[in-house]
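Let's start with one chain on its own, the form predicted on its own, as structure tokens.
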Amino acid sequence: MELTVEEKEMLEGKQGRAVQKAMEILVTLGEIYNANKMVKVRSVQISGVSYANLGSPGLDFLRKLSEDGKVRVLTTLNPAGMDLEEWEKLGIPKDFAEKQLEVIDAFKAMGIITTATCTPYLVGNVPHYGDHVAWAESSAVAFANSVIGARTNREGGPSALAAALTGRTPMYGLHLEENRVPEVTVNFEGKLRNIFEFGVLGKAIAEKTKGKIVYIRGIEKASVDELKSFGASLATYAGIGIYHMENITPEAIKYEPPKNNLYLSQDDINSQLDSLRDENVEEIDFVTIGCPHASLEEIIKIADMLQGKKVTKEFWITTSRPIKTIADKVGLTKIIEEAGAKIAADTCCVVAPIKGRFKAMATNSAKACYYAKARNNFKVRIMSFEETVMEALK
């Protein structure tokens, strides 16, 4: 791999031990993927933030890097294992909370903005079209590449942190134009009626195309929240970091639709809905919206639906700290919490330590369904946004 003079100095330890370790990680990664050089990145988003995932070895690793490591570009975090300010209201054990806060302190010592969210593009970490970034959260990677037109691979937690400490990442994968070209045209012959059906379509495409980059036709319009849901599902079920949607995503205009065609209809949506609705669910005891993190618009809708009512089940609305701060200031949090629901900032149902606490979960997120079953052994029932809120009121 060809390194600049500055990059060689980093590798030789002339800019500190943490930077040297970071460059060693990046050079090894680049050699594995046959990258011929590094590229400067404009921002980083780091995964592996929950103490449930890191454990003591991960925390020790972060502490050592924080001794002399400082990030060189705008860097934010993925969700933590709890609400960093109001963890008690979520039933998080004190010993877990103490360790989680130590993790956050280690990141903070490196100059990282400790906004813990899977939607960094909603809270200020917003790259421009064509920018190279190093993001780790799979749904955010899909959004950055596809909706924004930035360029990033799906980084692991250590490689993303290494990119933050050096301002570099190896030039391979989706940083290269030739690896962003669509391979299959998906012709959708149906009508998506709700945000959750965008996620269901993502699952259907993932299972049919098995990791290929898709060019999607037949969707007339899509909001940020709908694209957020779609990309999260595609990334979860197929590991796809980029897609193109005709007349909607910015790079679609660069390509002719591939001749390899796939046709999907409303029947495919209905079939996937059945697969995301477990049978023999006696009673839903956990309801959640916000995977990926809820937007301000979604929180406004929830507050409107809960006004003057009381939930009967544990109901989490997970979102970023900046979005919750706005919700606090304009009275949305008060409405939601008076109804008995909880706005949980900084965390989500995927990374919070909730295994064993609940048996059956209702959500509008196909991604959340996947992780609820795989990590927590919950029964799941996917619903529309409105139906999910109503489930909490039953």
Partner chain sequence: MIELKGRKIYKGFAKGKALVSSEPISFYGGVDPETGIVKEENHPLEGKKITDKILVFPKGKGSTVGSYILYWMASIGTAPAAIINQETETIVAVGAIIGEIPCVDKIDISKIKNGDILEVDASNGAVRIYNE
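Numbering follows the first chain given and starts at 1. Remember, predicted model here, so these are calculated numbers, not experimental data.
This next part talks about the form predicted together with its partner chain, which is not shown.
Is there a heavy atom of I25 no more than 4.5 Å from a heavy atom of its partner chain in the model of the complex? Although its partner chain is absent here, I25 would touch it in the model of the complex, with heavy atoms inside 4.5 Å.
Would M38 count as a contact of its partner chain in the model of the complex, using a 4.5 angstroms cut-off between non-hydrogen atoms? Taking the distances in the model of the complex, the answer for M38 is no, it never comes within 4.5 Å of its partner chain.
Within 4.5 Å, heavy atoms only: does G156 come near its partner chain in the model of the complex? Contact check for G156: yes, within 4.5 Å of its partner chain in the model of the complex.
Contact test in the model of the complex: I343 vs its partner chain, heavy atoms, 4.5 Å: No, no contact at 4.5 Å.
Go through D328, D60, D68, E337 and name the one with a heavy atom inside 4.5 Å of its partner chain in the model of the complex. Comparing distances to its partner chain in the model of the complex, the residue within 4.5 Å is D60.
Does its partner chain come within 4.5 Å of a heavy atom in each of K21, E31 and N53 in the model of the complex? Yes.
Counting only non-hydrogen atoms, choose the one of 78-86, 183-191, 156-164, 306-314 that falls within 4.5 Å of its partner chain in the model of the complex. Of the stretches listed, the one contacting the partner is 156-164.
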